[in-house]
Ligand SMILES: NC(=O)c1ccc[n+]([C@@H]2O[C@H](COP(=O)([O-])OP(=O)(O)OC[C@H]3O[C@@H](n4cnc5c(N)ncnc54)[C@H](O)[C@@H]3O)[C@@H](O)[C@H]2O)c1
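Shown next as structure tokens: one chain only, the form predicted alone.
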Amino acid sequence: MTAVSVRHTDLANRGVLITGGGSGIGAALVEGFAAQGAKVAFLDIAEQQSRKLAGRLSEKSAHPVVYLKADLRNVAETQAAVDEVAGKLGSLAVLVNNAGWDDRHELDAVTEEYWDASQAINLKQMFFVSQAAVPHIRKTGAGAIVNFSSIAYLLNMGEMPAYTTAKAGIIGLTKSLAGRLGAENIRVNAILPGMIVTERQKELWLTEEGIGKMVARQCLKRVLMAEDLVGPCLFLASNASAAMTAQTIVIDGGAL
């Protein structure tokens, strides 16, 4: 992992919850917050790799990293998991809504069931995780929510209409939550990653040719990795962005 050199001292000992933290971008975020001295917990449905990550990070972090298995498509299960996390951490000040499912799907093949499943994991859960977390964040007197969207909905990508619809919806949700929670000193912002090359992406979708085409489009001529999102997320979660809410940050190497 590329080390984040900036130290956000206000994040030390703060309760942080990250969804989808077991692998890829989520795992990089979990490690990044743990390195800041935060009390970190994460939710993920993939149990084996998540337990391995939590164990590895707990050995070198100021606080044990807490993992809870949760299927975010199940609202009741998700709400119970958020409450349990808050209890285990002692408080909750930061929520990072990272979990998502970037499945490709042809327009003609999308069924009602598929559409609903895509919205459930990409958009619906983000609202209900936030709803469950806000009462706990309120108790700290201030806090931050960081939602992960994507530049995909800005690229006219035809092979993932359900996913891109959800990612566009996250921006609307971000601005609405920011408007509602600003008076309570809870800030809500969003990050829009570009093509982030993870092991899962390489296994399922990305080819060397496709990666090369995106790098050629970017101003920065290098492959973007999960670690490139850690610094921006720490910034949005910390007091470094204390006057910033209802905004989006694009991290795409200058592709747009």
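Note that residue numbering begins at 1 and tracks the sequence as displayed. Owing to the predicted nature of the structure, the values given are computational and were not obtained by experimental measurement.
Quick note: we don't show the form predicted in complex with this ligand, though the next part is all about it.
Contact between S149 and this ligand in the predicted bound form is found at the 4.5 Å heavy atom cutoff. Contact check for I25: a non-hydrogen atom falls within 4.5 Å of this ligand in the predicted bound form. Under a 4.5 angstroms non-hydrogen atom cutoff, this ligand in the predicted bound form has Q49 among its neighbouring residues. Residue contact with this ligand in the predicted bound form: Q201 places a heavy atom within 4.5 Å of it. Residue D71 is the only one of D71, E159, E184, D116 with a heavy atom lying within 4.5 Å of this ligand in the predicted bound form. The partner is absent here; in the predicted bound form, the one residue of M195, V230, A41, V188 having a heavy atom within 4.5 Å of this ligand is M195.
Here the chain stands alone, but in the predicted bound form its contact with this ligand, taken as any heavy atom within 4.5 Å, falls in 92-100 among 132-140, 172-180, 108-116, 92-100. Each of G20, I45 and Y163 comes within 4.5 Å of this ligand in the predicted bound form, counting any heavy atom.
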